[in-house]
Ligand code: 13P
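A single chain, nothing else alongside it, follows as structure tokens in the form predicted alone.
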């Protein structure tokens, strides 16, 4: 029996799914993950516990909606397909039912710029897409609109989606979005928090870009405002 194609990416999907639960941003097998490969993508199979998943179980799909393999793709394959097809700037789509992000989403609320770290998601807010039944084209269409110019969104009465160049980057952003959701919920106990204006978030985003904020630096990349040694 021949080995499945893209073994590195298949392993990365399994490791990423296990990490979602280990990091506390997902429960059971409710989340899903995809990675762009060649002219299509790999996506988690439906209804299979992560700790039982093998590389052969990961499903390879084309952007035409066809797939190969013994397993059926995640019920959410449509938004994975549509996002990767529409967003050549990203390689990974990660979906979770993180507790605090979902608590906001069940009220149809996104996350405004109450904290400057919202800028990591690509704008001055993390939008909440309108509700649609899971696995439907309507849900995919709503998610695409909420992700316009963004790397993260919430899904009403559902969960969150984050995008990244790698599984590691997507996981890191998902943790940040869940942290922001928790902070926002806590802050609201004292009333509506102060919201930073769009021009400040734009300044923060530009500074993050120059500093390669959240990205590994090599020795040649000295970020702005880095302290310099004496002598």
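Predicted model, so just to flag it, every value in this text is computed and none were measured. Residue numbers count along the first chain shown, from 1.
Quick note: we don't show the form predicted in complex with 1,3-dihydroxyacetonephosphate (13P), though the next part is all about it.
Interface stretch in the predicted bound form with 1,3-dihydroxyacetonephosphate (13P) - options 120-128, 90-98, 107-115, 142-150, non-hydrogen atom within 4.5 Å: The contacting stretch is 90-98.
Non-hydrogen atom within 4.5 Å of 1,3-dihydroxyacetonephosphate (13P) in the predicted bound form for each of 47, 76 and 158: Spot residues vs 1,3-dihydroxyacetonephosphate (13P): full contact, yes.
Heavy atom within 4.5 Å of 1,3-dihydroxyacetonephosphate (13P) in the predicted bound form - residue from 30, 166, 188, 54: The residue in contact is 30.
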